[in-house]
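To begin, one chain is listed below as structure tokens, in the form predicted on its own.
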Amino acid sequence: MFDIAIIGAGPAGATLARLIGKSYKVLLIDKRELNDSGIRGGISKCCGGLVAPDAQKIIAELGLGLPQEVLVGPQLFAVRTIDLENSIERYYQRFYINIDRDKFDKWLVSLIPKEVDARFGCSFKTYERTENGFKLRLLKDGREYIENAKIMVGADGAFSILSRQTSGRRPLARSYISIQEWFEGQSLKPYFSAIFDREVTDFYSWTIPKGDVLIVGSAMHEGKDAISKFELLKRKLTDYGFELGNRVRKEGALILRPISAKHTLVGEAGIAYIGEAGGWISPSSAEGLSYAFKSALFLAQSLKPGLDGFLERYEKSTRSIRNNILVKNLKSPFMYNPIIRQTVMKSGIQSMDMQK
């Protein structure tokens, strides 16, 4: 019998396992093969691989520093904001750490104490409640087997298998499909580009230089026209002057965009959610790393006094990030309302004059 079973070993799950691994008997499950030789199995996270200032702050508060091997050039100090609808472009100072996301996840896993029972290449299937907690059905190498735990933690992403099996699922937030393609770069510029065009999406699109490739991505409403809209984005970027070489990689993921505190989920009766499984993600930028680390930290702190009453303590501690999501929603019109965005960008407030 485990004290705590964590489903998912991304930044949220790996951080929680690191923080509580010496205090509790912990089972950590992830369908990917996360080991010393690399990340194998499944599909790597569809992520731009940028550590934003909010995430940098919580990483510092956790007493961590990024190792050289997870960094990838160029490091980015400006956002190139392109409003295709209004034909306006501005540059704004912003500091991002450019990382290899697969190596980043592997590094976080390497910090987990040896006391944690980590099961990689293992899929969580279903669970049922028992007198003492939960019975988990897992699948590894084609064989199903059972483990038991007193409490469970969902850290398995936006469309969490665990949360979909619970009865208290939050009202569904706006759902998007994120598509990214990686292209051989030509004359890559050291900017993170944020691109706005309602003909493509009511959210936003982006380009990120990553070593010798350029990532082109967009978060679009789910549906059969998502692919065609992504193709439209690429045509528009080419017309705008972006040089896209040969495609070397393509990936996708689903995103839940919380537009209300009701779209976040703390947990229920012995089950807690952290990271995107709890809806903890920025509604203005889809940045999730800072929320992954914060929610894992808050849950670890809530577990310090013991298992009894942990969920009530976790609910109280997450009020700050629910308020943060509220603030980000208040900020969104300045980014996503085309009239307000046009006014702000034309004013040039806080923009930079680039020497080209």
Ligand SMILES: Cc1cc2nc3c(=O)[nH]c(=O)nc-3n(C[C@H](O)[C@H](O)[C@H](O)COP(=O)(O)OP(=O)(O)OC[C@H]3O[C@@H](n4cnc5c(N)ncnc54)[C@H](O)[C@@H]3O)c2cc1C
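Computed from a prediction, not measured in an experiment: that's the story for all the values here. From 1 onward, residues are counted along the sequence shown.
Separately, the form predicted in complex with the ligand exists; it is not shown, and the next lines address it.
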Using a 4.5 Å heavy atom cut-off, which residue among Ile151, Ala118, Ala253, Leu237 comes into contact with the ligand in the predicted bound form?
Ala253
Can you pick the one in Val266, Val200, Ile195, Ile281 that has a heavy atom within 4.5 Å of the ligand in the predicted bound form?
Ile281
Contact of Ala286 with the ligand in the predicted bound form (heavy atom, 4.5 Å):
yes
If we define contact as a non-hydrogen atom of the residue within 4.5 angstroms of the partner, is Leu16 a contact of the ligand in the predicted bound form?
no
Any non-hydrogen atom of Tyr127 within 4.5 angstroms of the ligand in the predicted bound form:
no
Answer yes if any heavy atom of Pro209 is within 4.5 Å of a heavy atom of the ligand in the predicted bound form; otherwise answer no.
no
Partner absent here, but in the predicted bound form, which of 152-160, 86-94, 221-229, 69-77 has residues with a heavy atom within 4.5 Å of the ligand?
152-160
Residue by residue through 16-33, tell me which have a non-hydrogen atom within 4.5 angstroms of the ligand in the predicted bound form.
Ile29, Asp30, Lys31, Arg32
